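One chain follows as structure tokens, the form predicted alone.
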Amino acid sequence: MKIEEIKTVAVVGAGNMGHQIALQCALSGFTTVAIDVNPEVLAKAQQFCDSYLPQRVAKGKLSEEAAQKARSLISFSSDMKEAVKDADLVIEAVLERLDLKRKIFADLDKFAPPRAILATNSSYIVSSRIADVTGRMSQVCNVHFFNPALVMKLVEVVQGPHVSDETAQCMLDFCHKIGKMPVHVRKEVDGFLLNRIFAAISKEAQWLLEMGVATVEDIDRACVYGAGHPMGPFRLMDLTGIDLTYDIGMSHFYASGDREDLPTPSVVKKVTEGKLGQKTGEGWYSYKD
């Protein structure tokens, strides 16, 4: 498939990442549908859309005409079969559970047109672990957006051994067309590019905290004011969810058997206490106010 052939985009999973990806596509002129089986999640996604666009207009970041056009291009649905029947590109953005993703991709293979590219936004589950449930392995790849998807420019397009050059190029072109800066990851590897780099920084920051070298706040300040990061590793964990840090650590440990891959004691403690970051009102920082 060529970029010129992509007119309609479906995003499966309308949570924080999903609805932002969908809105970015609509803002870029694509007919887009955000899909979720949870009516509460779907309602929140629509509410976000209905508040975000006027806010951008009020701040002078978006014209009234562009906002109205984007709103007319995005819709919301709980019926995946119906929603993807005309899609040229489907982007999956559900929970990081392999069994769930495999079930969804098996269904997408049945419901989406044979021409459609099926992409996963997964940050660490490589598409080769999913693609075999479809009859279109060469059209299944990772297209990894970063949180918040409406703001972050980077997108990682991962070309596993099963992904055709045409599919990879189409996704690189698509990312450019929606105003993102794609990087071509030419080999499947855990964590892809940026997460591998930041995982090393984050893990070292966590051990500095464990050793009592510095506080959460001072470690974050060092990264922001010394290294030029937009936010420190602990603030970033709060944004993405401390449970995600825990899950990734456990996944790496199960794969390697190396105890150094295990989550640090402080991360385990936060997860045990249910202090997962912004979504729970408290993590390394408090968000209750």
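The first residue of the shown sequence is 1; numbering continues from there. Owing to the predicted nature of the structure, the values given are computational and were not obtained by experimental measurement.
The form predicted together with a small molecule is left out here; the points below concern that form.
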| item | value |
| --- | --- |
| The small molecule in the model of the complex: contacting segment from 120 to 128, 208 to 216, 173 to 181, 157 to 165, heavy atom within 4.5 Å | 120 to 128 |
| Contact assignment for the small molecule in the model of the complex, among C49, C223, V57, V41, heavy atom within 4.5 Å | V41 |
| Residue among T31, S251, T264, T240 with a heavy atom within 4.5 Å of the small molecule in the model of the complex | T240 |
| Residue contact check: A116 to the small molecule in the model of the complex, 4.5 Å heavy atom | no |
| Close approach of F105 to the small molecule in the model of the complex, 4.5 Å, heavy atom | no |
| Partner contact for N16 in the model of the complex: the small molecule, 4.5 angstroms, heavy atom | yes |
| Partner contact for A199 in the model of the complex: the small molecule, 4.5 angstroms, heavy atom | no |
